[in-house]
Structures are given as C-alpha cells and as structure tokens.
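So this first bit is one chain, no partners, the form predicted on its own, shown in structure tokens.
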C-alpha cells in the first residue's frame, strides 16, 4: 500500500492473492488492509492537504500534466497489467483505456486553470461580493473493477488539481493495476500524502474511510446498493456517487436500422457488458423488431471470445464470479418468465476459467423480469418489442435506475420528445448508450438510484470543491 509517500505492508501483515480472470493464475500478492491502515492513510492525507495548499493553480496544473507524461511513458506496461488484472482485450480495449487515463490527467491540468468564478451584483453600493472555489479537504475515493485506470482518474486527477488529498480504495479484484498507477504518481513526484492507496476488502477499509471523521467528502463509483450504503455511512458529508444503470435503448420505426443495431451491439457487448451505461434493455418497434434481432444475433455470433492478449480477441472474460453469477440469475429469471434465447445464453466452455460468457441475445423479455428491472453487467442484449412511442417511453422509465438512455430516429421532433421525457441523466440520440467524452457531465437523474452529482471535466471540479462567498464592505476599507 502507499501511505504518506511510502510503500508499506498492512499492520496485520495479512495478504491476499490476485488472480487473472482469464487464466486463473496467481499474478500478485497484495496487502490486506485493516481499519488501522485506513486510519493511517487518513492521517497522512490530512498532512498532505498542507503540502498541496502551498501549490499555486499553475503548479497543480503542471503536476497533473507531469503525471500524464509519466503515464504516457509507461502506457504499454499499464495496458498489459490492466489486461492481466481485469481481463479486457489488450489491443481493442485496454490500450484505449490507458489513452483515456492519460487524457483525464491532461484535462484536469487544463480545466483547473480556467475554473473562473463570479463577482455578484448586490443592492448595497458599498459591498462587493465575489466567490472562489476551495478544496473540501480529505476525500475518500472508492472505485470499481470495470475501468480500473480510467474511473480512478476521473476522481484522482480533478481531486488533486483542486487541492484535495485523497485516500483511495480500489476494487480488490483489480488492485494490481492500481499499484501500477500509483507507482506512476510517485514517479511524477506527487506530494507525499496527496494520494494514498489502501488495498483490501471494501466492507473494512472502504467503510472506514467513508465513515471516519477524518474524511471530509466521499466519491464512489459502483452499484446502487453499495452507493446507498455508503451514503448512509457518510451521513452529512458531500457525496459524488456514480451508480448503476440499465441503459434503455429505443429503436423507433423510422430509425436507420444498421446504425441502431451496430450501436446497440456495442452498447451491450463492449467490455463484456461490464459498463454502467451498457445497453441493458433494447426496446424495438414491432415493425422492425425481427430485422434488429437478426442483426444483433449476427453481431453476437461473430464476436471472437478468447485470450485477452491475442490480437484477434474481441471479448475477454468477466472479471469475477459475483458478476458472472448475477448474469446467470438474470438469464434464468428471464427464461422462466417467457423470454427466448436467440444467441448465446450461458457461460462459454473450453476456456481456462468459467468467467467467459457467450454474447447473448434475448427476445420476449417480460416487464417484471430482473433483466428489465436491474443492472445485469454481463454481455446480454434483451429485446423488448413496443407499438407506440408512449408505450416505449413508459417501458423505458419503468425502472429505479436512470443513468443513460439512447433513442434512434430520423425525426428531430420525436428525438426531442423522448430526450425531454426519458428519466435518465444523459440521452444519446442516434448513438450508443456508451457514448461519452471525458469532459461531458455524466450522472443519474433525481428520483432514481443512479447516483448524485456529475463527473466529467470541470463538472467534477465543481463537485470536489466548496464555493466560498466573500462579502467586502469597501467603504469601511476606505475608512481604515
């Protein structure tokens, strides 16, 4: 673990083994952190805030840019470690995630320099009111295993740029690549205590940094259930929570079907479906249902499963048994409620581990099926036919989740009709639910279980800072 600028073992000396989801082989031994380790990291972060406070905005921007330079130099090693640890294909996905990670640090360097605030007109002629952005202090940051380089960067880079010190708990199943990332931060000479890494079980080290009085705010990406638990444990602290989704994708009768099917396939199968914005419900007008189904089946049956280091591989294994078991449960429930398998439908056989899953296409999914109600997080494309726009909207909004949706139509008025009524934080028109760029605001909608706040570019900087209002009486200043 990395605490206060030093690499340390757990105080308990306990360790756990990291294994490749693709081969099952042990790839590293990691410290199993304790609550005492988390407390040490919080204390180190508190000291780190004092070092960071001495850096000007331009110095912090240069620091973030320096991190990006170091990451760029180590991009091949980072990509290979990412594939080994997470299981995603090296050539088609891991290298792209490393590129996004580099861009995330460069973006933070750019955005923090132009984080302008306002002078507010007021009634009193002797008053001048202005606002400034200030750090919140020590952040607890907890991140998942699906994008174990890019998602941490979404918090660590703007958090550092905004002068917050952080205690970071990565997912246990992808902590090997987390160590590699922190090695790069150390090489870039990030001040001691500014970013601290604690590895180990979330219910122990994650819970400690969330609930401890020494952390001032909490940032988390993960499941809705875990996010809600964190919100309770962090009661009273500022929260930035990016939680689950089930990506309703609506394909209307006037859509470009080739474009729509390609985008829906990408939304369902990219990263083996392990994306919070994945197209987990595909609502298709009855008049075009069969054609869309055939196109999706064609996509699913031509995806090349395999060794994630092989250039030919398009989909690697799922990352861990819990996500594979949830996919099993959701499929079994859908079939029990009348759904039919058009392609795939089970784990793939003949691989070193049982985490490989067949790209799956379903049709006839019932409204009360788990796969329609919850986040599956596996490579499944469930098709749901509808007849009218109103019916499609009702189906799409009939969910407790509201992160990202997509609509495919050639009619601008229909596009806006849906975009203004779909209960999701983002609506993509004529593109996949997975479309996003690093500076675009990303997050859920009020009243749903998809999170609080917005990630993305300057929006994360807003979330990870406090707005300070300063009121000056210039008359009294003149009077001395």
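Residue numbers count along the first chain shown, from 1. Computed from a predicted model, the values in this text were never measured in an experiment.
What follows is about the form predicted together with a small molecule, which we do not show.
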Worksheet entry | Site test, 203, 323 and 375 vs the small molecule in the model of the complex, non-hydrogen atom cutoff 4.5 Å | yes
Discussion item. Within 4.5 Å, heavy atoms only, which of 171, 163, 261, 383 is in contact with the small molecule in the model of the complex?
Written reply: 171
Response to the item:
With the partner omitted here, the residue among 107, 146, 409, 199 that in the model of the complex has a heavy atom within 4.5 Å of the small molecule is 146
Worksheet item: Counting only heavy atoms and a 4.5 Å cutoff, which of 71 to 79, 306 to 314, 115 to 123, 222 to 230 contacts the small molecule in the model of the complex?
Response: 222 to 230
Worksheet entry | Proximity of residue 243 to the small molecule in the model of the complex, heavy atoms at 4.5 Å | yes
Practice prompt. Give a yes/no on whether residue 207 approaches the small molecule to within 4.5 Å in the model of the complex, heavy atoms considered.
Written response: yes
Worksheet item: Heavy atoms within 4.5 Å of the small molecule in the model of the complex: does residue 318 have any?
Response: no
Practice prompt. With heavy atoms only and a cut-off of 4.5 Å, decide whether residue 272 touches the small molecule in the model of the complex.
Written response: no
